[in-house]
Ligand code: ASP
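Next comes just one chain, in structure tokens: the form predicted alone.
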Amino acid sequence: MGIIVQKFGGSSVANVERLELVTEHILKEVEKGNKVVVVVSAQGKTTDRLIAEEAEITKNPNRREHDVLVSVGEQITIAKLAMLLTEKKHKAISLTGWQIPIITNSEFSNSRIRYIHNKTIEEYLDAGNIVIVAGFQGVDEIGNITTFGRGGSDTTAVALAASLNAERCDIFTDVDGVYTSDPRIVPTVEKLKSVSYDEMLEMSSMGAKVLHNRCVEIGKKYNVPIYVKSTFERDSIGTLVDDKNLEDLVINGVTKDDYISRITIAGLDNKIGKTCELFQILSKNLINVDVIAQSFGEHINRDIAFTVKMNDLQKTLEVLEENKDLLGAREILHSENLAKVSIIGVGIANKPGVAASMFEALYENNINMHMISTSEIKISVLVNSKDADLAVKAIHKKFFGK
């Protein structure tokens, strides 16, 4: 028997009744003789409430103090869960990120883990404790509390599993696994028995809300088996995320990513280094770019189009206007209210007819495509937001028959 890491999200720990369900999953592993490390999120909407209270004080909070504030929610959960397990006559200890410590860089609200000190956790486990860890948080080299961004408790859990050489990491949530699409859009979705790290990473990045994409990256790097299970089913089998694809479907998922905007830089100087210069400017201003398309005309200029999230649009336009003359751009255009719809599957580029079937589904439903992006594992198209749900349904039916 070894170490099992379990993670429970905000909806799973929202109240005492749900914490009771959580203890059942924990004690089930304890009864098997396993050592258990539990990672939890803040209860329910606690983090949203804290951010709303912050907004009553300032619209531009200090990033360090913001992280100190929002890290409190997980601290409440770990204490309550430890108390509940103690009441059930089991040894339990709660630990914050700084008590372990989980050492991170100093990028507040989006920090990355550098290393984890295992000794504290291992000593408590060896003494017979269930160790309950506050997700979503760590501490930098000089003692500042840092947080990992929304969904960061998943990252905490898989990182601990990797560092402790755990047998697996179980991510408990309000759905019983990973599905071929969003059940709220496509009622006829199928649950996957397994999905590869690469496919899950693309699903997470393309809009699926099941797992934090950084936790999948860590799982892949350190070969940590990840199970996505339901807190509300006592014998949930869930979906296994690892390097084996047991089902070998043509595609494993259809995803939607909302709130996308497209920016087109028209008439960019067709000179060596201009594209590099453009994206260096965007990078220095911490602007994340996704789909990129470049067209070359017969003359001296060219157009470059790319997508950013809607909340980055205004900042991006301001940066580009400031550098318009430097880049030699004739015009900067943008489109709003777009969504990215993607199909995902390992080796998708080597499976004839996949792109044709996807485009056929869109054509049959009179849905216009604004941009197309392909890779070995996905095909993405940009469509109008109003058409996004219909696009997901049509593509899902084309590949899964329902």
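Computed from a predicted model, the values in this text were never measured in an experiment. Start at 1 and count along the sequence shown; that's the residue number. Think of the rigid core as the biggest set of C-alphas that the two forms share within 1.5 Å after superposition.
Keep in mind the form predicted in complex with aspartic acid (ASP) is missing from the figure; the text below concerns it.
Residues of just one listed stretch (326-334, 151-159, 107-115, 84-92) have heavy atoms within 4.5 Å of aspartic acid (ASP) in the predicted complex: 151-159. By the criterion of a heavy atom within 4.5 Å, residue 38 is excluded from the residues contacting aspartic acid (ASP) in the predicted complex.
Aspartic acid (ASP) in the predicted complex comes within 4.5 Å of no heavy atom belonging to residue 26. Among heavy atoms of residue 343, none comes within 4.5 Å of aspartic acid (ASP) in the predicted complex. Contact annotation for residue 42: at least one heavy atom lies within 4.5 Å of aspartic acid (ASP) in the predicted complex. Fitting the two forms on the rigid core leaves the C-alpha of residue 30 displaced by under 2 angstroms between the shown form and the other one.
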